[in-house]
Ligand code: F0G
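Given as structure tokens, the chain that follows is alone and in the form predicted alone.
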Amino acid sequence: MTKVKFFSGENIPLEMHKVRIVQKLNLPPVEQRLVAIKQAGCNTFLLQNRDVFMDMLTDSGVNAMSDNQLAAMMVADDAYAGSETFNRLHAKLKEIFGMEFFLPAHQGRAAEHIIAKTFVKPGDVVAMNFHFTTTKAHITQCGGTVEELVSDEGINTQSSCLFKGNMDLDKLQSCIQRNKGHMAFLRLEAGTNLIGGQPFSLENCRVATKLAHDNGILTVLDASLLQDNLHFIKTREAACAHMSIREIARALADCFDIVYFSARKLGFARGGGICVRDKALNDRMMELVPMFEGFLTYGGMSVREMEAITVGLDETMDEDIISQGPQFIRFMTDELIKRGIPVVTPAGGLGCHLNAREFLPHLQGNQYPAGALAAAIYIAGGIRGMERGTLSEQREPDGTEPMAAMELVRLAMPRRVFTLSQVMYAVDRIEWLFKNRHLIGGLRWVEEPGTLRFFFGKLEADSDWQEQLAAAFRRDFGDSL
């Protein structure tokens, strides 16, 4: 990673790219923002993009492409079968991960669907460091259950632990002993999403996967957020400081039987796929690709996107490129800490994560503090974040609602998209909101889907707190947006 020191002594992340294409943004006035969030059922997923100033909902499919990616899209081979575009993508994945076989899919959750449908039977257990929403849904729909074995530090919001995504090895050993004959696979998620984009170490990965293999258990890596995890291994794990990003990526891949990914995150484009080491495992999944995705040489992806992914994977092996996101996230996290605002520490990948439980201590869990805070942030600044708490869970079969281990609002940092001045705008509006946090109330369901309710469910404020918040904004900011 290129190191640049400012003479002033300030620690400011420096972009190692220049902007050549821009897109105009719209910042609607607070009165329009209030109307928009109410029309969206207080669900930021249902906001229209025309009403959003800073879209920090996700890094999925919204990362900026490079000039080389855009150029590569022009040479795509759009043959239905036998496409050279597929061959180039397959070769690049084999070069990086060292796995012989590749099954394309239109995105990460499609890969999860194929893996779960192939390997999970009713009564099976999948052990993982922490679940992701769609991963868990696919497993439970196949009759399996998930056991989360992340280290205790993983759900400690304020911590100095550098690898909060590590698996607790004692918990893993116990899980294996309790579920002999019923372990579908061990899944490790790089850049663990729901606990703040927190990484695991190469050392922990090696020990956990060896324990699984010694007990005849399949190992699976969710590499969607791999690039952040690679950066953190390189910069935080002393034993890996001498290794290149490519060497770390191969060392991780060598631990697993299957590596799957969403290229909407990994690769800076839109698509996904499954890399497989063993032909027998590949053949078990292969027939599902044309059934659910598309033919084996495109799997539901546009060939132009596949060309962009091939170049994007190469760029993911460049530390100057992959370090920009974590540096911006750390900068935003540090600025919020200076202002006394509760955030997840240490800063991880993917985005800056606000601790909604501490931000809104007056709200109970069944008032959905993370969902309420996400709605409030939109009213305060036209900033669209994502609830990552109880709303992102689902009810038990008997209708009871488990409270999430963490109530977070994720402010994602799409790669190569925002400027520092925009990041500081977000910090400013969140600081104002924190000083007016007493105005924020809870949410209640209006329309609650049974599965993945956070995507398209609708809620409403449990009082007129949203109107009060908008009025306070207008008093403090006058005619400013």
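In case it trips you up, residue 1 is the first one in the sequence shown, and so on. Everything quoted here is computed from the prediction, not taken from an experiment.
This next part talks about the form predicted in complex with the named molecule, which is not shown.
The chain is drawn here without the named molecule; in the predicted bound form, the stretch among 71-79, 186-194, 118-126, 160-168 whose residues come within 4.5 Å of it by any heavy atom is 186-194. The putative spot formed by Asn63, Thr85 and Ile309 is not touched by the named molecule in the predicted bound form; no residue has a non-hydrogen atom within 4.5 angstroms of it.
Although the partner is absent here, Pro369 is not a contact residue: none of its heavy atoms lies within 4.5 angstroms of the named molecule in the predicted bound form. Although the partner is absent here, Thr58 sits close enough that one of its heavy atoms falls within 4.5 Å of the named molecule in the predicted bound form. The closest non-hydrogen atom of Met386 lies within 4.5 Å of the named molecule in the predicted bound form. Not displayed here, the named molecule is kept clear of Gln394 by more than 4.5 Å at the level of heavy atoms in the predicted bound form. Site annotation in the predicted bound form: the residue of His213, Arg357, Arg109, Lys92 reaching within 4.5 Å of the named molecule with a heavy atom is Arg109. Residue-level contacts in the predicted bound form: of Cys205, Leu225, Val220, Ile274, one residue has a heavy atom within 4.5 Å of the named molecule, and it is Leu225. Annotation for 125-147: interface residues with the named molecule in the predicted bound form are Phe132, Thr134 [heavy atom within 4.5 Å].
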